[in-house]
Ligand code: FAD
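For reference, the chain that follows is the form predicted alone, supplied as structure tokens.
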Amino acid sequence: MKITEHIKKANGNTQFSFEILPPLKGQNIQSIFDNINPLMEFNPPFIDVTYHREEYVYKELDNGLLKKQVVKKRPGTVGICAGIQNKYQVDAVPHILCGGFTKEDTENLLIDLDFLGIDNVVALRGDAVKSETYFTSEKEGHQFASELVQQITDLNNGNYLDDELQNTSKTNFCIGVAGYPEKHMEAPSLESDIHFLKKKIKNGADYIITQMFFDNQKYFEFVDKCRTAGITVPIIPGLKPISTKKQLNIIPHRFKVDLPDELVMEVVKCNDNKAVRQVGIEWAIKQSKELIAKGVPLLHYYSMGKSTNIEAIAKVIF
């Protein structure tokens, strides 16, 4: 079922969903199931699965020269999605990236997902890899998420890259895209960011999931700006509970989001990460209650590979 259909079926009741990371190479899918199992009692209509592109590392050879080697630390997104749908009978939503894919790669991936009965995707540009200062697309790939959305829409209309194909089948993907309440790190302003978000919607995106935020007012203002700009699709808030002191520095640096002073000081006063984890849970519960009171269609939690704090939040909220 499409994400938009799940939202309509809920009749205004706020639903619960979450995002998982593929396990590191060398681990099996049971580690994923172990994190999903405790969250299934809250009846998620779907589970997002991130995609991690390849990275480049340089290994020194015996002769002292460096050899460039491509590695993918977290493979398996498509297989995990198939496993989730088979085991839990809920929709799995794979992330699809511009980075690391040619247009032909993207089309073949979408064909595989369609064959598996996967109806939903999240279309993202993706971040620059560690060896890049700025994001660089593949030579025959997409530079922007709006272009990726257009390719998926074209496939939904039966238009493949090989225009000589005849009697082609149409796919039926529901397309999600990212929204940034505090703007994307590379955007010059929030208004310009919303301008390009609107282009993704125009090209066929069906709903928006936001980047994590810790101040609900940022989300409410973002939604108001989107509605004023003519964006009418569902805007799903994404939440991440703080769990370690180190995240006070990592989250603002990596994701370019602000942490409220009240939250920061509560974490600073903690003696250990066990106390930090509890502060993060309580803050996310407070955020969740306010968002539900405002009628959000769904609360989406970033688990980052661990589910115990998400479970603690969901037990109170759902």
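Not measured: the values here are computed from a predicted model. One-based numbering along the sequence shown.
Although not depicted, the form predicted in complex with the named molecule is the subject of the following passage.
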Counting only non-hydrogen atoms, the one stretch of 240-248, 192-200, 166-174, 219-227 within 4.5 angstroms of the named molecule in the predicted complex is 192-200
Picking from R74, K87, H184, K103, the single residue whose non-hydrogen atoms come within 4.5 angstroms of the named molecule in the predicted complex is H184
Students should find that, of L155, L113, A92, A145, the residue having a non-hydrogen atom no more than 4.5 angstroms from the named molecule in the predicted complex is A145
Margin query: Is F16 near the named molecule? Define near as a heavy atom within 4.5 Å, in the predicted complex.
Written below: no
F214: touches the named molecule in the predicted complex, heavy atom cutoff 4.5 angstroms
no
Would S137 count as a contact of the named molecule in the predicted complex, using a 4.5 angstroms cut-off between non-hydrogen atoms?
-> no
Q: Answer yes if any heavy atom of G126 is within 4.5 Å of a heavy atom of the named molecule in the predicted complex; otherwise answer no.
A: yes
Checked 204-218 against the named molecule in the predicted complex; residues with a heavy atom within 4.5 Å, sequence order, are I209, T210, Q211
